[in-house]
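Quick heads-up: it's one chain on its own, the form predicted alone, in C-alpha cells.
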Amino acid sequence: MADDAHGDAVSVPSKVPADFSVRRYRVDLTSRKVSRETVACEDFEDVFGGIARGFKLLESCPVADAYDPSATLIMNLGLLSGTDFMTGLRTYFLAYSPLKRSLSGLPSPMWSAGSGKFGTKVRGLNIDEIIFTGRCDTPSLLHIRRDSEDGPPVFDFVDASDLIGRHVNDRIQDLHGRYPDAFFAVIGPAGENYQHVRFAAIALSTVNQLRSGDGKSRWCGRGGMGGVMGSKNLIGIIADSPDRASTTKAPPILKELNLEVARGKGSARFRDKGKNNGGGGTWSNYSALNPVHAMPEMNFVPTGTDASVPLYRDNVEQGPYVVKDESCFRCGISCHKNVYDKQEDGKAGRFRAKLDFEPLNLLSSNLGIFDIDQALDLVELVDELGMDSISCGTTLAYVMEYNRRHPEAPIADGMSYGDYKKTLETIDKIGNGQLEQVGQGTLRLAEQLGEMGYAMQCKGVEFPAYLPQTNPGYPWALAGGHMSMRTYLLLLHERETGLDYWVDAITNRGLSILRDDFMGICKFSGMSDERMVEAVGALTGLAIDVATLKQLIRRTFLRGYRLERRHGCTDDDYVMPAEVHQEYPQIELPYFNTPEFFSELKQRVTARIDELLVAEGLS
C-alpha cells in the first residue's frame, strides 16, 4: 500500500481509500519486461488487496484456457501481510483455475493462499502485487532483490534447468544455500507436468524448514496455481531482502491484539493441546467427527466402525513417534503438527510429515488406509511432488471406488481401498506426469468414465475432509469447501436442518470466512470483526467500521460468484454428486440433505444472491 500505510502508530484512524495506493508490478515473462505502476485506490477492495482486489483485476482478463501464455497469474498480499500483526503472513495467488471449471468447459476464477515468511519478504521489498503474463522460453526463477538498502526492487531472471525433476524440499534447500536472506515460492514436479496434473500446488518456504532442512513448507494448494506457474515456465520466485528492524513505534494496542491471537478463544481450537487450553489443531477433528461416524472413509462413506481410531493423535503418540506443535514466523498459535520418528532416547528423530486433518484423512482413512506409518509416507510424497493433498486424495478415493464397482475393468493398475503400495506408486506417477487420466482431477475423470454420482467435487474442485452429506453449502464455495464457505461443521455443532437456517448459513454466515483472504492474516487467528477493525485502524490508519467490513466480505463473494457466472457457470453447475443426497444410517447426525431439500435450497439461495447483486450494484 502507500509508503506510509504500514507501521505508523495511528491514534485515531482517519484515512479513506483515496489516501492509499498500490505498488504494482507487471511482469511479461515472454519479453522479460517489468513495469511498475503506482495505482491510486478507488475503494476498500483496492486497499485491502488479496482476493478483494484480485477479483476486480480478474474481471478484465478472461481466458478460455488456464494454461494459455496470455493468461494472468496474480500474486499479491493482503492489507496486514508483512506487518507486525501476528499471523499477518499470507501470500495470495489468483488466476483462472486449470482445475475449477464450469460444465461448459471454461476455467473459473480461484485463488490459493499460504503463510510463512515469504509474504513478509515480499512486503519488505515494497511490493503489493505482481501480475504475470506470458511464458519464459526456458525454465526460470524470478529473483527479486535490491541493489541498495532503500533502492527499488530489481527483477532478475535466473536459469532453473538444474532444478527440473527435483523434489520440493530439495529445491528449496538448494535455493537457500544460494540466497541465504531469501524466502521462496516454488513448484514441484507436478507443476512442471502441468498438462497432466491439474492440482499442482505452490510451496512457500518457512523459517523452520530453512533452519532444520526438513520439508516443512506452507502451501498455496487449491485450484492448480502451481500448474499455472508451471505453464509459464516459472519454477520459482525468490523474495530476497535482509530483515530490517521497524523504524516506527508499534501502536500500543498491537501487543494486546497479538496476545489475543496467541492465547485467546478464537485460536484455541488450533493451539497445542497443552498450551493455553488449546484444542490440538485440525487433527482433533478425528476425535470430534469419528465418534458420530461423520468423518470421510472410503470415498466419503463412513464405515460406522472404529477403524480410524488408530489415527487419533493421542494414539499416534503412543507409537514410535513424536508430535511437535511448531509455528510459522513469529506466530504464537503453533498450529503445525509435525511428526517425527521417536529415537531410543525418546527424542524426535527423522522428520516424517506435517499433518493437518485434511491431508491425513484424505490420504489415509478416506482411502481405506488406517496405518499411520503408511499415511505419513503418502502425505510426505504428495508434498514433495508439489500437489494439493485434498484434490489428490479425493481423486484417488474416486478411483478406488470406481475399481470396487468395476472389478472387471479397473483403472490405475487396479488400485483398491487399503492398498498402500499401489497408492504410493500411483501418487508418484501422477506427480511425475505419468498418469494423466487421474491427474486431470475428479470431475474430468468422472466425465470420462461416465459415473458422476460419487465424484466428490463441485465445479471441478474436490471436497475437503468434511462430509458433503452434512453440508449443502459446498456448491457456492468459491475456492474449496472449507476455505471459502464456513458451513462445513455447522450440522455437527448446531444440528439445524431447516431451509431458512441453511439459506442464511450459505448467503450470510458462510461468507465470513472470506475476510481473512483479503486481510492477509491466517484463518486460525480467530479474531472477531470488531477486533480486526481495531487492528486495521491501528496499523494502517484506515477508518472502517464493522458494517463496512461485512459489506466488503459480501461484495468480495459477489464478485467471485459473478465471475463464475460470466465464465460459463449456470444453475446446472451449482449441484452436488447424486449419492450425497442418499441416507447413510451409520452417520449419527440428522439426515436432511435430500434431493427435494437441496432443489428448493438452491432456488432460494440463487434468488437471495441475485438480490444481493442488485443491492450492491454488481448485477
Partner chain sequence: MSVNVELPSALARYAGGTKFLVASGDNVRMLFEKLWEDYPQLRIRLLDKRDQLYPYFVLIKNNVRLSPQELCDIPLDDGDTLEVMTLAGGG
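Numbering follows the first chain given and starts at 1. This one's a predicted model, so the numbers in the text were calculated from it and none came from an experiment.
A second form of this protein, the form predicted together with its partner chain, is not displayed here; the remarks below concern that form.
Heavy atom contact within 4.5 Å of its partner chain in the predicted complex, the stretch among 234-242, 148-156, 491-499, 93-101
Comparing against its partner chain in the predicted complex, the contact stretch is 491-499.
Contact assignment for its partner chain in the predicted complex, among Lys324, Arg330, Lys422, Arg509, heavy atom within 4.5 Å:
Residue within 4.5 Å of the partner: Arg509.
Go through Asn126, Ser287, Asn338, Asn299 and name the one with a heavy atom inside 4.5 Å of its partner chain in the predicted complex.
For this set of options, the contacting one is Ser287.
With the partner left out of view, is Ala268 within 4.5 angstroms of its partner chain in the predicted complex by any non-hydrogen atom?
Yes, contact at 4.5 Å.
So in the predicted complex, does Gly279 come within 4.5 Å of its partner chain, heavy atom to heavy atom?
Result yes; Gly279 sits at the interface with its partner chain in the predicted complex.
Would you check, heavy atoms only and a 4.5 Å threshold, whether Tyr466 touches its partner chain in the predicted complex?
Result yes; Tyr466 sits at the interface with its partner chain in the predicted complex.
Would Pro291 show up as a contact with its partner chain in the predicted complex if we use heavy atoms at 4.5 Å?
Yes - in the predicted complex, heavy atoms of Pro291 and its partner chain come within 4.5 Å of each other.
Partner contacts in the predicted complex for 521-540 (non-hydrogen atom within 4.5 angstroms of its partner chain)
The one in contact is Phe524.
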